[in-house]
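Just the one chain here, laid out as structure tokens, in the form predicted alone.
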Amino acid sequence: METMFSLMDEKSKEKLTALKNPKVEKTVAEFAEICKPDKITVLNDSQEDIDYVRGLAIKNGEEQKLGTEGHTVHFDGYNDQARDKAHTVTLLSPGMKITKALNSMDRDQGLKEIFEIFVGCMKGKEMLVMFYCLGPTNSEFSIPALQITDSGYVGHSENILYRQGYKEFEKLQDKSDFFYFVHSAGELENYVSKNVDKRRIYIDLDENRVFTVNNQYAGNSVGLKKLALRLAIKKASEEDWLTEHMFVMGLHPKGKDRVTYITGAFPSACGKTSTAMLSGQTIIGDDIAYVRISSEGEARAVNIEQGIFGIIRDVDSKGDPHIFESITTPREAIFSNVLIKDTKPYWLGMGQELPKEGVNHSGEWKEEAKDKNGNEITASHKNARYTIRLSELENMDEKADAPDGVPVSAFVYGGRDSDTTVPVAESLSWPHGVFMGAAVESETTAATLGAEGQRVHNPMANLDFLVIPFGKYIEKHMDFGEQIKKPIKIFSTNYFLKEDGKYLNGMLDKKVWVLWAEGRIHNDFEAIETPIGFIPKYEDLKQLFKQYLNQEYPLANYTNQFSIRIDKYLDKLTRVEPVFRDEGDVPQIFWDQFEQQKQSLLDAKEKFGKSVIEPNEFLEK
């Protein structure tokens, strides 16, 4: 304790001791001793402290001011551009089980290793002690979170992305029910983490804490984002609610006096944020939701965040007007790993020609630049990001901060699938919908380290974060459907069907798919029953395309997009079955759905005598 307080000024001491929380003090003291910072600053919810952190990020060179007021840019190191799955490890005590898809190791061994790496990692730097609230303040949904970091950029990002929580910690008094995260960028070289070979992201489920070191990319360093998601999944499974990798949005159909709230889970770079930001609709959150059942038996959801850490690639004025407006006008925003030329940010797919030279994540950059391995260095990284507050958006939903959340009418599951899944389908039942979500596949993108274009099974878009056994996770979803009194519909979407290398969907078509789903929730549309779910009728989509996009929708497009590719679906089942089998504890109700799906596909193939069945043929059966 003496070491800790000797590194603080009087204001910081007062802020820490005023909480009267022994666990908070012990945690700060422990890591002050291990990490050996030159200074410790404790921050509360005041605007003065929020401004201090942003100023520190700029002072330390982690961010640079851009030409537009409020805009800054941050660069991660060349090898620190995405979530690092290989070095993200869950620490397990004896007898503890998680999904086999995740890396794990013995808890004692992992703690020994990470603590050794942490020794002296903050020498010459300032330790920031920050307090947040995962979810709306004054809400039963929410979880207090403590962040310790030596990065002004991480602190600045969290001040944009999360609600301030010092007052929530004041309410805790001596209670210890909170998450905490310890991060260090480690030794810096040219303002970026140097020792990426010692990059580690270790999740300690026993103590509801995460340690992360030698990184800056927000997906690895911002503890309250995907790292807190893992801790919350475990907590939710123990308390019978759901923590999901989901957006929350309000749908506002034209000519209808109603708002319909839905949630949606899409793997990274599969259109989740662009769906949540559809024009004419309202957004509550684009990434992570807590979903609980109210005392009246209604499913309700909150966004745990107050901001967006979004992929900036292909954000333009036509496809994403709300986002484009918010990141091209004066307001607080962080750009990361874009191209900078004359204090202006540029990114891939922004709708204008990019400069031939500038500064990006690789340093001084010129067109056709290559790295040491001969790989092209694009002007802006494919996983470049923007960070803004939701309150900066004109389409933020009025209930975004409601302590009791919003009622949920549908779960939507989407992936990146070039040859199989139709653009939108409704499940045949709740168990079938859980199966649909569990069978999500996504072709890999630049959002995670590794090769692009590989087809990866990603159930509920949550596989990377399932720190509980997969079977238990599926069982919790099945149980959730039985407990709610107001039914929820489940839909699948896919915006990435291709033919001869060209997309069959336009970028804005997703609005039609989602608003068809909204109409189904309210029984506005009939549907065609197929082996893979209920699909739209042509006449309804034709009307919706005209109503929302002012476009004609040719029958040939509909037939091509919504034909059921039997063999492709069977191939998908063949791919995902070994994953389910390997987990070993998947509930029987799930296998019943699997077998029913497989048999209904085979029956359809035999009945129609072909492997690709047009949608209207199911009407004639």
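Since this is a predicted model, take the numbers as computed values, not measurements. Start at 1 with the first residue shown and count on from there.
The same protein has a further form, the form predicted in complex with a small molecule, not shown here; the description that follows concerns it.
A218 is the sole member of L172, A379, I323, A218 with a non-hydrogen atom within 4.5 Å of the small molecule in the model of the complex.
Out of the listed residues K399, H252, R83, R200, R83 is the one that sits within 4.5 Å of the small molecule in the model of the complex by at least one heavy atom. Shown here without its partner, the chain carries K225, S268 and D287, all of which come within 4.5 Å of the small molecule in the model of the complex through at least one heavy atom. The stretch from 360-368, 225-233, 315-323, 333-341 that comes within 4.5 Å of the small molecule in the model of the complex, counting heavy atoms only, is 225-233.
Contact annotation: H156 falls outside 4.5 Å of the small molecule in the model of the complex, judged by heavy atom distances. Contact annotation: F309 falls within 4.5 Å of the small molecule in the model of the complex, judged by heavy atom distances.
Although the partner is absent here, H245 lies within 4.5 Å of the small molecule in the model of the complex, judged by heavy atoms. For the chain shown alone, R385 is a contact residue for the small molecule in the model of the complex, at least one non-hydrogen atom being within 4.5 angstroms.
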